[in-house]
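One chain is shown next in structure tokens, namely the form predicted alone.
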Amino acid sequence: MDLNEKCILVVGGSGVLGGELVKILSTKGARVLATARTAETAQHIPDQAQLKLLVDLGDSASIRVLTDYLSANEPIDGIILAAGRVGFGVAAETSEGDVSTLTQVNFLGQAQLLTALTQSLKGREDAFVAAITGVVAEKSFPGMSAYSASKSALSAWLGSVAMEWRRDKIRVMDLRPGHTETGLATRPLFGNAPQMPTGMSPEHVAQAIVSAIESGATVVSSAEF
């Protein structure tokens, strides 16, 4: 797939990994739109993004505002979901509210956004959607039950819509990198991160994601990062 002149939406472009994706896609000649959750965090979106937008994946109304705007104004060729939250703690000590919040941000909100933009992607040459589910979609870890469940739910959902959207020629990508040094674990929604080995660099993971998009991949396992 040639990314030159493609219009690509990076959800979470204000984050470390999302920012790297914005930069690499721009060097490929893509027109990159990037989102942040707040006006303050939008300042972290790299200047290479041609349009900076706001969306809160925890708020269905915020998602509708974004998708309505994009559907009416932007001919999107691809979407990369690089946003999310993490939480730590054993299942018995994790509240229903915390589980609900992670599920909304990491699964329900992302599914809502992709579903709402499906019509915009139909008919676009080489249309794709890509979501980062992570290694937790492949392997369970103690103290991460809520986070793992939210990401695994997204992965299972992607597997279903990959078959449903095939007739519309929309490629669905499930990206499962291992631990990456984005700083996300230092800003958990709840709990404290366990001791982790040094992760992969965001630059490496972002380049691997872009290469997978170019090659036509669908499921990219943790071993492939």
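For every residue, the number given is its place in the sequence shown, counted from 1. On a predicted model such as this, the values are computed, not experimentally measured, just so you know.
Unshown form predicted together with a small molecule; subsequent notes refer to it.
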item: Candidate from T27, T38, S160, T198 lying within 4.5 Å of the small molecule in the model of the complex - any heavy atom; value: T38
item: Of V65, L184, L51, A193, the one that lies within 4.5 Å of the small molecule in the model of the complex (heavy atoms); value: L184
item: Partner-proximal stretch of 143-151, 69-77, 91-99, 122-130 relative to the small molecule in the model of the complex, 4.5 angstroms, heavy atom; value: 143-151
item: Non-hydrogen atom contact I170 with the small molecule in the model of the complex at 4.5 angstroms; value: no
item: Contact test in the model of the complex: L114 vs the small molecule, heavy atoms, 4.5 Å; value: no
item: Partner proximity in the model of the complex: R31 to the small molecule, non-hydrogen atom cutoff 4.5 Å; value: no
item: Partner proximity in the model of the complex: D56 to the small molecule, non-hydrogen atom cutoff 4.5 Å; value: yes
item: Heavy atom of each of G87, T103 and A156 within 4.5 Å of the small molecule in the model of the complex; value: no
